[in-house]
Structures are given as C-alpha cells and as structure tokens.
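Shown here is one chain on its own, the form predicted on its own, set out as structure tokens.
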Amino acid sequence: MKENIIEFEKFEWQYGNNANFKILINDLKIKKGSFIGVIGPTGAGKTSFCYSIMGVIPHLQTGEMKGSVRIGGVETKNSSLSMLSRKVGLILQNPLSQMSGAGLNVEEEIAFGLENLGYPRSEMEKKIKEIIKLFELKEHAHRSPFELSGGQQQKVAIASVLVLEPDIIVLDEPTGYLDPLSTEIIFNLVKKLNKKGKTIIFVSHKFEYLNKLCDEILLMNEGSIVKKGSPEEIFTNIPLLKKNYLGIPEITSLFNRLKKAGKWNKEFTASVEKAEKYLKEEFPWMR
C-alpha cells in the first residue's frame, strides 16, 4: 500500500486581513503517486489550499494557522520554504509570473533554481539536458522565454520546477490562458509525470481533462472540501455541481437531456469513451 505524502489534520487558516474567510480542512490524506483534481467556484479556497501544501501558508502569508499540514511526514510550519521547495513544486496560471528574468534564454531560466540551491555545474548541465529533452524544448533552448508562445512558456515554467525533482507538483489553473492544443499538451505532459511516480494536485475548470486523468476529485467551496470522490461520482452529480455553482460536463448534460426526454433510464457517465459504449449498446443504429 502506498504511503500518505500529504496529510491535513484539523487544519485551519484565518487570513489576517479577512476575518470572514477561513480555510478548514479537518482530515485529508493523499497517497504518493496520486493524481488529484481540485474544482470549485471562484473564491472557494483552491489557491489557498495549494499555498498550504507549498508552505506559502503560513510562511509568506499573514494570518493564523491551527492544526497541521504534513508533507512526507514533515510539518510545513516547522520547515523552511527552501526545504519544502525540494519536495513541492508550484505552477501558477500565468507562466510569466514564474519567470525569474535572470536568464537570457530557456536553458538559463531552467538553471536558475538549481543555481540557487548550489548544484555543481556538471550536475546542473546533466539535469537541464534531460529536462529539455523531456519537455521537447531543444529547438527553443537558446531563445528568450519571453519570445515563446503561451503554451511553450508554460512548459518552461513547469520544466523550471521539475528540474528540482520535487515529489509533488501542484498546478493552479496552469492552462487558464492557453488554447486547446496547448492545454492538451500540458495535461498529457502532467499525466506522463504522474506515470513516473509524481504526485499531482491539479486545480482546473476543464472538467473533461480532469475526468479522464484524475484518480480522485476534491470539490471545494467556502474554504472547505465539500466532497471527495471519483471523477465519475463527482461529474455525474448534477445537484452537487449546481449547488456549488459549477457547470455541468457536456457528456453528463447529454445523458440528462436523454433522461428528461424519456430515452434514458440507466446510470450517467461523464466519460466520452463510456458514453460511446453505452449509447451504441442502447441504440444499435449508432454503431
């Protein structure tokens, strides 16, 4: 059985400048190697949840913390950010907000974190070469990251984090500014990293990708986890999604319309593959 790599216990965070909003997570355990999707309406506390895993909360935010968050058995409040950055990598929505600007090209941008941690040059060069190959950035290695497309910049941002080899990768709406092709590339890349054993926490409103790739979904609202379950369990629960001000996945909506029309009385699915199978079984003429 895989060990727990992230553990929240009676965790409470009260922002110093907002007495009306708290993050409350009583008991949450995430196993090593999991792919967890996080959804919720604007202001649900998703970014704060990410910051609490990274250690930005409590180290860089003003407020009061109770309970504990443990990363690999180490409490974040008792660890330094530099130590946590070796365990957890954080990817934000806008890649430009993560560019150091210290490097003239992609190679130097990726090297920035390694230099700060004092890696020997020979080891740095090896790591950079490997990560550029993994992210298919070789043809852009000597270009300024600010000259690249949004999708390419996001790949550089992720590569800059991954080169430090964190066990956990937290992504907070990393495809929010990207076109469909770049979005597909980023999700597939992250899935590849998950298959290599990385634990993924992925905040997104793009339910079709989360449904296809995640092991579990956390639905957040008003600073708490409202529901934890499989993608199928969450994305086919129309009352739950509506109650929490979320859209309905297109496939779920299709089955709901069929049900209302009296043409479907079986279970729903949010999966394209399962939908195709179900519909062909029910309506042979679609084969």
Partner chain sequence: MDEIIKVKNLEFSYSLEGTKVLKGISFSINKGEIVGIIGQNGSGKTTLVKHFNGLLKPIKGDVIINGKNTKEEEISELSKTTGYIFQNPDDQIFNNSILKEVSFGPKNLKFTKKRIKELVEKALKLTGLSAVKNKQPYDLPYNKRKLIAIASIISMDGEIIIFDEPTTGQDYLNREIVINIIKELKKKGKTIIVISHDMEFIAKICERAIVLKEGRILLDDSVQKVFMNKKVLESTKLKPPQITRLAQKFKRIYDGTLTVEEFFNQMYK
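Residue numbers count along the first chain shown, from 1. So that the term is clear: the rigid core is the largest set of C-alpha atoms that superpose within 1.5 Å between two forms. Just so we're clear, the structure is a prediction, and the values are computed from it rather than from any experiment.
Just so it is clear, the following notes concern the form predicted in complex with its partner chain, a form of the same protein that is not shown.
A.B. asks: Any of the heavy atoms of D27 lying within 4.5 Å of its partner chain in the predicted bound form?
C.D. replies: Although its partner chain is absent here, D27 would stay clear of it in the predicted bound form, with no heavy atoms inside 4.5 Å.
A.B. asks: Taking its partner chain as it sits in the predicted bound form, is Y119 in contact with it (heavy atom to heavy atom, 4.5 Å or less)?
C.D. replies: Contact check for Y119: no, nothing within 4.5 Å of its partner chain in the predicted bound form.
A.B. asks: Test of understanding: in the predicted bound form, would G223 fall inside 4.5 Å of its partner chain by heavy atoms?
C.D. replies: Result no; G223 lies far from its partner chain in the predicted bound form.
A.B. asks: Looking in the predicted bound form, any heavy atom of Q152 within 4.5 Å of its partner chain?
C.D. replies: Residue-level check for Q152: yes, a contact with its partner chain.
A.B. asks: Please determine whether each residue of I5, F11 and M54 possesses a non-hydrogen atom within 4.5 angstroms of its partner chain in the predicted bound form.
C.D. replies: Spot residues vs its partner chain: no contact at all.
A.B. asks: Mind telling me which stretch in 121-129, 180-188, 159-167, 79-87 gets its heavy atoms within 4.5 Å of its partner chain in the predicted bound form?
C.D. replies: Contact-bearing stretch, as computed: 180-188.
A.B. asks: For the heavy atom contacts within 4.5 Å of its partner chain in the predicted bound form, list the residues of 208-246 involved, in sequence order.
C.D. replies: Read in sequence order, the residues that approach its partner chain (within 4.5 Å, in the predicted bound form) are E208, Y209, K212, Y245, L246.
A.B. asks: Kindly check if the Cα atom of G150 is displaced 2 angstroms or more between this form and the one not shown relative to the superposed rigid core.
C.D. replies: The answer is yes, as the C-alpha of G150 shifts between this form and the one not shown by 2 Å or more after core alignment.
A.B. asks: Cα of S97 displaced 2 Å or more between this form and the one not shown, core superposed?
C.D. replies: Shift of 2 Å or more: yes.
A.B. asks: Knowing the shift is 3 Å or more, I'd like to know if the C-alpha atoms of D167 and F135 are closer or farther apart in the predicted bound form than in the shown chain.
C.D. replies: Farther apart, which means the C-alphas of D167 and F135 are at least 3 Å more distant in the predicted bound form.
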